[in-house]
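One chain comes next, on its own, written as structure tokens: the form predicted on its own.
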Amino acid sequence: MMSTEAQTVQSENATAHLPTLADELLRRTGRNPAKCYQCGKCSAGCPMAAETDHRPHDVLRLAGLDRREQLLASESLWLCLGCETCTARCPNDCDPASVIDALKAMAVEQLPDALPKPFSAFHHAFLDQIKAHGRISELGMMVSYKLRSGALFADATSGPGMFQRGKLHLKPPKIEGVDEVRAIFKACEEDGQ
């Protein structure tokens, strides 16, 4: 039988070779979160900073500290609008928006059951629309989100008004290069992202 000390050493040796969260983010995004010097310019420009527990510079700091579980379970990731203001304001080219996107993908892969259902439903509905059409079809996304989330009748009274104002179209939009968008999705799926 192995002693407790030996088990501890064996456990430390086993985890010593695991990549850190920063290593994994570097592999996925080409950005090293450890380069962030916490100036906070990203968070100062973030339109969702007041709504989140972890602002963009906090996310980079926690990534540098290898707080994987804390970050992947954070609702703050899912409140990110993807506007990329944080990336545009970063003086050190850390690209917080790409890091947050990579963390979202990791959360879906590694903690699928821990993801709140509305966030998971929105994430998948959004990506499915981009993959299918190259951009968002509001009606398609709304239907996909409602079917996935189970919130079929929530805000259903908004639909007629949105149709009247031309905000919902029956036919999804078409873009040139949708095959290229699908190729990007395929490459990411093959790469495990």
Partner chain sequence: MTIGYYPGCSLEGTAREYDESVRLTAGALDIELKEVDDWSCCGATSAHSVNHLLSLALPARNLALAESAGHDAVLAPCAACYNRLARASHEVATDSELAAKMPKIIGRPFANSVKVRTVVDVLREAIPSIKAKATKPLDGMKVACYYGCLLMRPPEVSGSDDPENPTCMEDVAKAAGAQPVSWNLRLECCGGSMSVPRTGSVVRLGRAILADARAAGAEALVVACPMCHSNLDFRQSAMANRGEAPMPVFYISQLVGLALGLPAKELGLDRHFVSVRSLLDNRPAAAAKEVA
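Residue numbers count along the first chain shown, from 1. In this text, rigid core is short for the largest set of C-alphas that superpose within 1.5 Å between two forms. All of these numbers come straight from a predicted model, not from anything done at the bench.
One more form of this protein, predicted in complex with its partner chain, exists but is not displayed; see below.
- Shown alone here, Leu65 lies farther than 4.5 Å from its partner chain in the model of the complex, counting heavy atoms only.
- Although the partner is absent here, Lys35 is not a contact residue: none of its heavy atoms lies within 4.5 angstroms of its partner chain in the model of the complex.
- Put simply, Ile136 is close to its partner chain in the model of the complex: some heavy atom of it is within 4.5 Å.
- Residue contact with its partner chain in the model of the complex: Ala88 places a heavy atom within 4.5 Å of it.
- Annotation for 54 to 79: interface residues with its partner chain in the model of the complex are Glu75, Trp78, Leu79 [heavy atom within 4.5 Å].
- The Cα shift for Leu65 between the shown form and the other one, taken after rigid core superposition, is smaller than 2 angstroms.
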